[in-house]
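The chain below stands alone and is given in structure tokens; this is the form predicted on its own.
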Amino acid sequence: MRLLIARCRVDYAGRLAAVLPEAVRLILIKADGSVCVHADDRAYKPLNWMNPPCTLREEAGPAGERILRVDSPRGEGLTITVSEVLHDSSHDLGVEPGSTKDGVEAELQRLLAEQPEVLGAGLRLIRREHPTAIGPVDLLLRDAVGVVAVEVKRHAGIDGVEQLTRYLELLNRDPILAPVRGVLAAQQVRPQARTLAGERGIACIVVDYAALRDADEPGDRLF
């Protein structure tokens, strides 16, 4: 990861145009190709960003400034014009192991793998913990329409939507799997997460852990 603290102007061009006037900001350039521009507020949310896949070019400007041009195949572009560099460093963070699910969340994933029809008629399991370059997808399912990537949470927030979005971007690059749609399955989905998921075409499904567990009672099994 590269950390760049600089006085800069940021111009975005895509579905609309947006400009961040010159100010001191933190620019995160990650190994997956994403670029995020942060201010010293707004918690974790960047002022502007580009999700992978995208390309980054760095060049000298006409007045001696440094220009970072970030372009995506979706036709979006981010131009960061740096007039002063306060800090510039790169760090190898290694392979991200991902979060460890607590007991209830892990059990919820297992139950949904055994009862995928809860998430939609005709769904069947391809595999659990499907590996990707940025971590495992909880469940990979299939129905007559195509492949479904499922992220399982106890309480789903915006971070869950962002995580699933990154998985979908990677999975949809695979011609064998694409098109892949996303489902966020949780005992509770926060309103902000539901809104963001809707904007990104991700379905949110509230699941009843107790009902799933009752349906999986050992005494009801043949084996």
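In this text, all values refer to a predicted model and were calculated from it rather than measured experimentally. Numbers for residues come from their place in the sequence shown, where the first is 1. Between two forms, the rigid core is defined as the largest C-alpha subset superposing within 1.5 Å.
Same protein, other form: the form predicted in complex with the DNA, not shown, and the subject of what follows.
Although the partner is absent here, R42 lies within 4.5 Å of the DNA in the predicted bound form, judged by heavy atoms.
Contact between T165 and the DNA in the predicted bound form is not found at the 4.5 Å heavy atom cutoff. Taking the partner from elsewhere, R181 is found to have every heavy atom lying beyond 4.5 Å of the DNA in the predicted bound form. Though the partner is left out of this view, H155 does reach within 4.5 Å of the DNA in the predicted bound form, counting heavy atoms only. Within 4.5 Å of the DNA in the predicted bound form, a heavy atom is found for not a single one of T55, E84 and E199. Note on the partner interface in the predicted bound form: the residue among D143, E76, E117, D88 having a heavy atom within 4.5 angstroms of the DNA is E76. Contacts between 174-202 and the DNA, taken as any heavy atom within 4.5 Å in the predicted bound form, involve R190, P191, Q192. Once both forms are fitted on their rigid core, the CA atom of A210 lies less than 2 Å apart between the shown form and the other one. Relative to the superposed core, Q163 undergoes a C-alpha shift smaller than 2 Å between the shown form and the other one. When the rigid core is held fixed, the Cα atom of G198 travels less than 2 angstroms between the shown form and the other one.
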